[in-house]
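In structure tokens, one chain follows: the form predicted on its own.
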Amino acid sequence: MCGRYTQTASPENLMFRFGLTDQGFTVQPRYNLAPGQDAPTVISEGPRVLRMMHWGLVPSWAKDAFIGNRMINARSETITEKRTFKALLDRKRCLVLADGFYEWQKRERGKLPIRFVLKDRGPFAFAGLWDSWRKPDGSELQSFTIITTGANDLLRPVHERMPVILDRKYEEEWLDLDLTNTARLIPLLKAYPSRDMEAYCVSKMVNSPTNDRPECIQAVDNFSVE
């Protein structure tokens, strides 16, 4: 699963990396993003558009927003079997912008948080699905879920699953809503290669989502993944 991640790149870096035009948006660095919070995503509306969305999918048919607490992730293996996810796979795919994510490993001293990043430490995109829900007051809530898959060799000692990090060359396909052939989409939802990633232990301050500061992503004790 994916229950906490980071996005610390500047707006200028995100614009360059994801081919965004200057929409006057402001994206604050996030060192400990948690479910229920707003996060930057990219959708295609002709040009690519950056949208801040709520993490925790609230489908358009939901009676209330609480369902989002249970829909922060969607399993790639069953995404075409779940009616809600299958409909969104056809028409509402998004990039969830990130530059790292956390998982917790059990050790003798207790659970230790570990941050996983690309070796170049650059921003990347999780594969996401999104939807719009009409609030009781008539306003609109846009929300997303992150697709997960089986862990790669780097993640497996820590957790059996990981978020789908899209290969950069497939991001355009993922955003292309003219592409609805699941036989082409599903193969994109695979584990990112271990050789292109690295991991390191961080402070237990990330255990609390109220802590969202640069110290969260600093390496501690020079421990590595075991």
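So that there is no doubt, residue numbering starts at 1 and follows the sequence shown. The structure presented is a predicted model; accordingly, all values stated were derived computationally and were not measured.
We do not show the form predicted in complex with the DNA, though everything after this point is about it.
Consider R134 of the chain shown here, and say whether it contacts the DNA in the predicted complex, taking contact as heavy atoms within 4.5 Å. Contact with the DNA, no.
State yes or no: in the predicted complex, is some non-hydrogen atom of R75 no more than 4.5 angstroms from a non-hydrogen atom of the DNA? Yes - in the predicted complex, heavy atoms of R75 and the DNA come within 4.5 Å of each other.
I'd like to know whether R161 contacts the DNA in the predicted complex, with contact meaning heavy atoms within 4.5 angstroms. Yes, R161 lies within 4.5 Å of the DNA in the predicted complex.
Does C201 reach the DNA in the predicted complex, with heavy atoms at most 4.5 Å apart? Result no; C201 lies far from the DNA in the predicted complex.
In terms of non-hydrogen atoms within 4.5 angstroms, which of the given stretches 45-53, 168-176, 32-40, 187-195 touches the DNA in the predicted complex? The contacting stretch here is 32-40.
Could you work out which of A98, L154, M71, C94 is the residue within 4.5 angstroms of the DNA in the predicted complex, going by heavy atoms? Checking each option against the DNA in the predicted complex, the one that comes within 4.5 Å is M71.
For the stretch 1-19, which residues lie within 4.5 Å of the DNA in the predicted complex by non-hydrogen atom distance? Residues within 4.5 Å: M1, G3, R4.
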